[in-house]
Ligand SMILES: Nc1ncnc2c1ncn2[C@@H]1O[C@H](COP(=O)(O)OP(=O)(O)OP(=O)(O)O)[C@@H](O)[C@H]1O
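The chain that follows stands alone, in the form predicted alone, written as structure tokens.
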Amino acid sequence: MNKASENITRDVSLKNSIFRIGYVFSVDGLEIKIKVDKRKNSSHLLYKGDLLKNTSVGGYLKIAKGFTSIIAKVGGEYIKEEKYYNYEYKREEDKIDRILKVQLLGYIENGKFERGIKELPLIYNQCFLLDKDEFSIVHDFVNVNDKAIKIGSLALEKGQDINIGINSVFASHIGIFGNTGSGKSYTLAKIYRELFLKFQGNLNFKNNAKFFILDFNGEYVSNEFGNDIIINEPNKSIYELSTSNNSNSHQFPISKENINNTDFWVIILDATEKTQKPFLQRVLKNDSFFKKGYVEIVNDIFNDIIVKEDENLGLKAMTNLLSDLYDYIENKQDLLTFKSEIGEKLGTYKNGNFYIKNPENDKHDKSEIKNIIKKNINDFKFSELNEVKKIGLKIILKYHSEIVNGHSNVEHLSPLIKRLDKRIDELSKIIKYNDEEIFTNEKPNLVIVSLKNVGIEMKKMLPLLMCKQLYDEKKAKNENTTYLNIIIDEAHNILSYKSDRESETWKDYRLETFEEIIKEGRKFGVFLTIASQRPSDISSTIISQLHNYFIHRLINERDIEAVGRTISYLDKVSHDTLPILPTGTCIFAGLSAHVPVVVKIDTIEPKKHEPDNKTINLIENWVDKEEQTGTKIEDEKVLIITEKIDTDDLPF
């Protein structure tokens, strides 16, 4: 053997002797126990001048079985005292055996880590610490044919960067969970900023990849530096919606097909399945009813009231119709005057007849009554209505026509009409009819919709309508080259299955829609990214269909239980770590991660790209600037004095 070979052999022997920590002494199904060598119980080992961290709970080790290197993670450890202690041992502690309980993760083959169990270890198989190269292989989550972006570094191991594969992560459904202030919004912004930086200037990326962010709290629209969160403003479209009278608010484009869709209005008006939905179908599909014009329809309804001479209709039915028409009439004062006049001139019923009020006698003349009404109604001027207002008017006219003619029951439909005014008013402020798609090659491929100033009812309904429209459009095209990622921050607002403020029918429809997207969307290139502080509120079907997870600190027991129950990728150590994760640190687990890892997410630079989610600083807002400055100066004096003290002068 030449000298070079001798040196290699010596190095290998030295490395094996240092890195060897023990051997397998129990294999009970998948429960593996390892007995640690008595000389390897220290916290660190020295190898070629480097200080190596010894194995501990949460650490990794290698089990050598022939030419197969089985990788395991330490899930727990305990000690056992030998019953028959050999007093020839030089140290008392040597009679203690340290036992590790490990979980098998996978194996290294051809220089690559493969997750899963290829074969189980045998009793007395030797166990080793991972060297630097092996450790890097286990934490290399990027396939050969994939591209990588760096999101952070291992929180528990210095110097180990964590890269994620673009194809393996973004061609999947992603879940980002964590309590308020744990850093989940920051992580969301970070991973998508890195993605956009990677493909900045790439024309195929711009044309084939579309990203739609639903922002419930306005965190991704603007911060103290401007509107450049995630990426610079010119490279994205922002819709700041508002249901208040805000002249600066935007309107989101909804296609005419969707605006005239029955399901759209069933959602908006929270319509019941058996009575109100069929009524809405009649409104939207009975075009012949509205061909004669609005004025003529109102005339017909009044004439029907007069002809029927029904004591349950009369003046009350007339004034109710006029009240419902108020928002749709341009000459509102004429309507109010007419409403007042019919109350003065027309009586209700006397002896079954509708009559005109007269100080001297009661005169029953239907033709005269009709002329009075027709003259006033013909003066009505209906405003130029947008598509939303037009359908609102159609619903009102159809409702009154059916009630007067006995085709519908007031008790069934009146709750729908009571909801109509407010919903139509709010909806008109935040959407507009526009068949042009929000994503085209000429427009930015990132769209952010802020719902911060949208009323609570619309905040629950509008996201469903938007997502359904985007999904249906993508599904209809059925292209395998284009990509759509729907990103929902604070997803518990619309994916909760415990809401008591809505009917069961509406809740089922909402959840079924998103469950279809998450179960079937992959076939059409549609993926979901959901971020939430309450995973326990979200449908377990949706959480279980996610592929990759970034889990920040969770304190609520129900949230931790929900995550542990539905995410099979978490080991016990990672699961137990969830309540104590520092801010900005998360557990990355899923299909693209070989093993769950605790990652310290990198900072977003420059700060103008950070989301606007910082916690308010009470000292800055409550303490005068002069007092803050004075406190800082006093602190610096204390520090300087402390540094100048000579410890030799101290009396202890």
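In case it trips you up, residue 1 is the first one in the sequence shown, and so on. Because the structure is a prediction, the values reported are computed rather than measured.
One more form of this protein exists, namely the form predicted together with the ligand; it is left out here, but the text below deals with it.
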query: The single option of Thr180, Ser383, Ser340, Ser540 touching the ligand in the predicted complex, heavy atom within 4.5 Å; finding: Thr180
query: The single option of Phe196, Tyr186, Phe302, Tyr399 touching the ligand in the predicted complex, heavy atom within 4.5 Å; finding: Tyr186
query: Location of the ligand contact in the predicted complex, chosen stretch of 328-336, 577-585, 119-127, 291-299 [non-hydrogen atom, 4.5 Å]; finding: 577-585
query: Non-hydrogen atom contact Ile601 with the ligand in the predicted complex at 4.5 angstroms; finding: yes
query: Interface membership of Glu426, the ligand in the predicted complex, 4.5 Å heavy atom rule; finding: no
query: Proximity of Glu219 to the ligand in the predicted complex, heavy atoms at 4.5 Å; finding: yes
query: Contact test in the predicted complex: Gln533 vs the ligand, heavy atoms, 4.5 Å; finding: yes
query: Stretch 98-135 - residues with a heavy atom within 4.5 Å of the ligand in the predicted complex; finding: none
